[in-house]
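The same protein chain appears twice below, in two forms, each given on its own as structure tokens and labelled structure 1 and structure 2.
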Structure 1
Amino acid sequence: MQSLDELIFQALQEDAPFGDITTEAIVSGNEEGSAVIVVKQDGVICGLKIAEKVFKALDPNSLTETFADEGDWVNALRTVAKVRGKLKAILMGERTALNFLQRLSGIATLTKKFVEKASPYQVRIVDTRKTTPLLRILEKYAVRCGGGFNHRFSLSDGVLIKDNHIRVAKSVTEAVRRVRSKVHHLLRIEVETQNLEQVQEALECDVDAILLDNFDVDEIRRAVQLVKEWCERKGKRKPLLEVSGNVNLQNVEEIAQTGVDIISVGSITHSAPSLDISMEIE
């Protein structure tokens, strides 16, 4: 896995592969100064420590003072950090630091909006693997800062039998059988279902979790009732019920009211608008 230091180094190299021509022409080598980082719109702040590491990578003696904690809701025009050090480093690191801050704060902010609608019903909002390549660890961190939870970090973390796996195996039952013959007993097994017939089949396979994929709200309610009645009749523990697909801020509360346990939302990472944040030299 790529380390954060390596990621920051590559981001700085991308932005200034042969140096910062403008800054180097204007600023003397040892000139020092300070800059403030200001949030321009309301939202959840996330990534301040990463911004600090950006400036440290360019000037090990730089100092970053923060005026908010990760995950705090901050209002527009609030100063969230102050950086002191070599002006060359501050100016060269400005865009890279802000890119991290804006992206992660945007994800945290959108996540919080979903969480506020679902949490009164004890339903977790979780992310997906629909993340920016090589930024997954940061984007999933931002989800947690927004009050959400993480789904699998990678394909190595757990079993999720998806629609294409079922097509290959020809049925839910056969897919589950193949998985159980290969994986160790401590791994949970979750099955993605496309209709109530597959929900019934997953129940009969005694899986740990069932994902209702692209179900409308009425179908979700019927699936919840089916699972409840089947488990009561069989004396079985209820599997976790997860909903995914076509979830948005307009329908997430209605979905949370159906009795499911988890709602996974790809848009909180792949479509979150960046929070507007700027840096100003003092």
Structure 2
Amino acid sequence: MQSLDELIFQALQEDAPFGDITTEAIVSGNEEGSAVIVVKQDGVICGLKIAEKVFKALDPNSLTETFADEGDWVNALRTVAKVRGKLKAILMGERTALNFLQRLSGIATLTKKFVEKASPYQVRIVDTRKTTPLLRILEKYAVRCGGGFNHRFSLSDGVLIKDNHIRVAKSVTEAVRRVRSKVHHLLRIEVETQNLEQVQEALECDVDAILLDNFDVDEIRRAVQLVKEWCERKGKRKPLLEVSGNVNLQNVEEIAQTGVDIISVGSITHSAPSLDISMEIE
């Protein structure tokens, strides 16, 4: 329940604080027309509902018909939607609609590529908090459209004790102790570790999840082994293992094979190139 309408309104205001002077001069009245939205590059389509809302914001009577579902892989030159309504609204909303659509489709497309590499293994590709300010909900939605999973949404809905926290608390143990005594009982506790010693310390704190930060593949394998043996020895439930840092399309499969549960990838949101999509008046 995000204020998507408000976001769209602000995006339109940003793009036309005093109106679209070109369009208003060219389209004299309330002529109606239609336009198609065409994908120019293979990829996953995501954001059609937002594009539809952009046109609705400018012309409440506009109608957007879609020819692909959110999350579909589509090939270049595929017409994914058609909007009918006041020409003024269509022309004025074009860039804002496409800006949302291209970015979200870009994220979904890159996510899909990671997911495909990881799919043979029991592992979730998840996003991070490295998202565009004010667009997090949309970008995390795009990750799901690309087949990925979400990590926590914010600093409020998940506990991740990071290196900087450990530095402040002086040890993993002390950091875990402080957090456990305060946070509500529906939250798990995850600790970010830099080496096997910290993994060991986290295990002894009985945390719910352990993040292996910037480990190379060999270190990941050793961590997986260490966790497995320790839990078997202690008769404990195995904590979740997450890998993060320098994950790319070249190494993601090898990481997935190590047996970790979760691979988080910042680049799927912060460095996904835009998908090429355009709109044409018919």
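Just so we're on the same page, residue numbers count up from 1 along structure 1's sequence. Fair warning: this is a prediction, and the values are worked out from it, not measured in the lab. Between two forms, the rigid core is the largest collection of C-alphas that superpose within 1.5 Å.
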* **Matching structure (the form predicted on its own), either 1 or 2** => 1
* Align both forms on the core first, then report whether Leu155 has a C-alpha shift of 2 Å or more between the two structures. => no
* Honestly, after the rigid core fit, is His184 moving at least 2 Å at Cα between the two structures? -> yes
